[in-house]
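Okay, here we've got a single chain as structure tokens, the form predicted on its own, with questions on binding and movement later.
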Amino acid sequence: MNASEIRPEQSVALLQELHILTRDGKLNQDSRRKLKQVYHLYQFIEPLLGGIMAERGDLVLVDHGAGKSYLGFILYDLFLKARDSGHMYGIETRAELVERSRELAQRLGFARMSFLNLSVGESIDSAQLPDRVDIVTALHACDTATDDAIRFALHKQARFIVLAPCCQAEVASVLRRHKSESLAQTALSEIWRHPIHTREFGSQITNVLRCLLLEAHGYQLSVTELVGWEHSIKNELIIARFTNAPRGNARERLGQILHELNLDDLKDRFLY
């Protein structure tokens, strides 16, 4: 990707403000990688946005664990900017990032963007957010921030949940904490006996548990790659569509996996 490959409807001023483009319109390698990921994710999300907009003429999108809000700004710029309805909310716990995003939205005239400095618990109950949410996204929201996005989305019964998880450290830390006990109990613990395997297996099993949780709450899943592995090692994309038809054994399987892998400490996070 080079600067000439930027989408024609994309605001150059926005990309410069996000430091994806330099002031003279150039892309460095890191920016190229970041923009490629967001554009690929947009290809998955755009049909969902279009379907909801065609059905109701309006939509509510929430980017949870928004960080610097690269995804939210680009979704707004490419899709919502040219329309008269639809609102994008960014939720982030770091106040300085929220304030920066608010200032940028105001400078660019992105009037239907709101940025809220809220924890997951606060966001679930906040009067600043509507009761109905159509799509919840989380792009590389680190560690448990992805689980926060899932908890929020399930509470709101969002029609779609789009996740690109990152840095799943919590499960790996529990695997490490109980390693000696697990080695004495099950041969399966050989899967995470070595530190590098603990990290990689912890990441993999985290997403398996998340998928079972979503299925237990009535979501149908598509799990695929976001971009080529050469662009990001955090490359899994989970798209969940609410069907209100829970998978019959999902909750039971989830509990069994937690118990068999000695992860009962995490029941409150994954079994609700």
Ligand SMILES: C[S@@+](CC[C@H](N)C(=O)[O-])C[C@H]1O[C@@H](n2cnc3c(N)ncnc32)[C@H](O)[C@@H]1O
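Given the structure is predicted, the values throughout are model-derived calculations rather than measurements. Whichever C-alpha set is largest while still superposing within 1.5 Å between the two forms counts as the rigid core. Each residue number is its position in the shown sequence, starting from 1.
Omitted from view is the form predicted together with the ligand, to which the following refers.
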| item | value |
| --- | --- |
| Output flag, 66, 93 and 118 jointly within 4.5 Å of the ligand in the predicted bound form, heavy atom basis | yes |
| 169, 124, 97, 183 - the one with a heavy atom within 4.5 Å of the ligand in the predicted bound form | 97 |
| Residue (of 191, 174, 108, 142) lying close to the ligand in the predicted bound form, criterion heavy atoms within 4.5 Å | 142 |
| Segment assignment from 238 to 246, 216 to 224, 66 to 74, 43 to 51: heavy atom within 4.5 Å of the ligand in the predicted bound form | 66 to 74 |
| The ligand contact at residue 34 in the predicted bound form, heavy atom, 4.5 Å | yes |
| Core-superposed comparison between the shown form and the other one, residue 190 Cα displacement 2 Å or beyond | no |
| Residue 254 C-alpha shift between the shown form and the other one of 2 Å or more, rigid core reference | no |
